[in-house]
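This text opens with one protein chain seen in two forms, each one given by itself as structure tokens under the names structure 1 and structure 2.
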Structure 1
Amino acid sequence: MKKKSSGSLLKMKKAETLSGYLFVTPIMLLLGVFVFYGLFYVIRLSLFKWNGLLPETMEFRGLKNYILLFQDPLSARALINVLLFMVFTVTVQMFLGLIMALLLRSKLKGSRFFRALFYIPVTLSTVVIAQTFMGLYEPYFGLLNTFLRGVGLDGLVRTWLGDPRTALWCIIAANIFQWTGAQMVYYIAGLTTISEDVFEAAQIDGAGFWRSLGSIVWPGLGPTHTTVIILGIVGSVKTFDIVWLLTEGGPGNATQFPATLLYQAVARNSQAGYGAAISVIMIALSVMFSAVQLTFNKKRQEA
């Protein structure tokens, strides 16, 4: 009986293992076709000189595309821009999203309305956001310059998107406006994991808003912070649409991003191999920054 029971348990375990592999197989096939094959193709293409049209014109050049990329001063400018964009958009969106979530987490009258209101920019097309901010930044009749003239600050009036000193910050402001609502939703969901009893105990002990934020809320939202930061990192590295719609990488290449360099290389200059090299660097940056954040979060949890 014992041999039969152990044999049947072994068969059941094998059947469960086999069924698990059968469930995973379709996903692995999809990943293999649409992710791993595409990644391998891009890496391979980055080693060639090609106009992207005729396969017979492909010319193997090894790492020359990467050498040219790292020697190009525009690449350094694009890297600096994306790092500035990443730091300021992620941190500001996290802070504003968390504050909004804390204010709207309660079941006060009208909280659902304001949640929906603050989330509206996330649902809008980037084209709509860009057109709105182009009207805001318009140098002659735009709302920003009109306001500055109205309060007597004519010295601050400028062509916001045409000035290399302000163009990048204008793009950052537009991105913060568009995506802060998404961070708010993440933090509202994260706050549901913190017991209300903890907040009530803090209030009884006399803890104010900022003390509760630093001692209870912020440490308790570790997984949410990680999610928000990783999404922000990946989103920053691949940012293209809002930059292209507002400045097209100008003025004077002041707002070039890796994605705009990629578009110009492939679509305008027919440099498919060089564009593939930019793609590989973008993927490497996303993986590297995400890995650093995951490692930091793991060490913080173990401490």
Structure 2
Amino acid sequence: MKKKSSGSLLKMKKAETLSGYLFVTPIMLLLGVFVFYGLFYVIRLSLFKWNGLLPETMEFRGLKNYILLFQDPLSARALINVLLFMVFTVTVQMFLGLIMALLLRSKLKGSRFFRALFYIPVTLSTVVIAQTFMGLYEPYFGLLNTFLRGVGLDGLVRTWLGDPRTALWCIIAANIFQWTGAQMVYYIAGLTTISEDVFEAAQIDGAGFWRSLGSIVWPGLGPTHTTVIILGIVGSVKTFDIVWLLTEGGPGNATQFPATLLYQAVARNSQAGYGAAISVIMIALSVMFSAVQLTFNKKRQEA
């Protein structure tokens, strides 16, 4: 009797293991074809020179792609750009997103409208955002220059996207417009974890707005800050669409990003091996930041 039940238990356990593997087989197959195979492929390809067409023309060149990549002034440009982009989009989005979340807590008239309005750009295609901002930046009848002329600031009028000094900032502004609503939502969720009593205690205390913001709200949102910052970093490493649509990396390479260099190398210059070296570095960075985020999430769940 005892033997039989332990036997059927073993059978049940086997069935459970088998079901587990069956349930995850489709996702593993798809990721296998599109991601894991691709990963091995680009790591290998990054050691070759190849125009991306005939397999016979592949030529082993060791680490030369990486050496070229580190020596190329365009890589330095792309790195500086992506860092500037990261720092400014993340900080402005955090600040604005938190302000929005706090203001909407007041539940004044129109709160739902404002919340929806701030979130709308998140739901739009980057293509729509890019065209929207091209309409603002257009040098002759664009809204921005028209406005500047209207208020008598003609000196500030310029070809915003065509000027290497302003193009990157135009891209940064468009990205902030697109994604601040998402950060707002994270902060709205984060604020619900701070108990109302704490706010009230601060009010009885007579803590002013800025003081309670600095001493209660900001530190109480630790996990939200982490999420917002890491998502911002991961998103920055990937940034391609908005740059490609607004400037294609120009004018004169002033707004190159790692992803635009990669796309140009592979799709325009037939440098598949060199592009693969850029891929490998981007993948390494993305996975690294994801690992950091997963560690934080785990810590939070355990705490």
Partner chain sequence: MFTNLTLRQKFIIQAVLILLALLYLVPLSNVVISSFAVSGFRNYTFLFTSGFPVIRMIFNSLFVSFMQVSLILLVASPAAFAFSKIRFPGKNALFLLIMLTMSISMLCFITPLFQTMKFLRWINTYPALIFPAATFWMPVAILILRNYYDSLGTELLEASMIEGAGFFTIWSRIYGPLSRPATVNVIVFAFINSWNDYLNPLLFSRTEEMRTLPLAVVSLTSSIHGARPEVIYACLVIMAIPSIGVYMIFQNQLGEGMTSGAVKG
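Take the two forms, find the largest set of C-alpha atoms that superpose within 1.5 Å, and that set is the rigid core. Just so we're on the same page, residue numbers count up from 1 along structure 1's sequence. Nothing here was measured: the structure is a model prediction, and the numbers come from that model.
- The form predicted alone appears here as structure 1; structure 2 is the other form of the chain.
- With a cut-off of 2 Å and the rigid core superposed, residue 70 has a Cα displacement that falls short of the cut-off between the two structures.
- With the core superposed, residue 33 shows a C-alpha displacement of at least 2 Å between the two structures.
- On the core-superposed pair, the CA position of residue 19 changes by 9.0 Å between the two structures.
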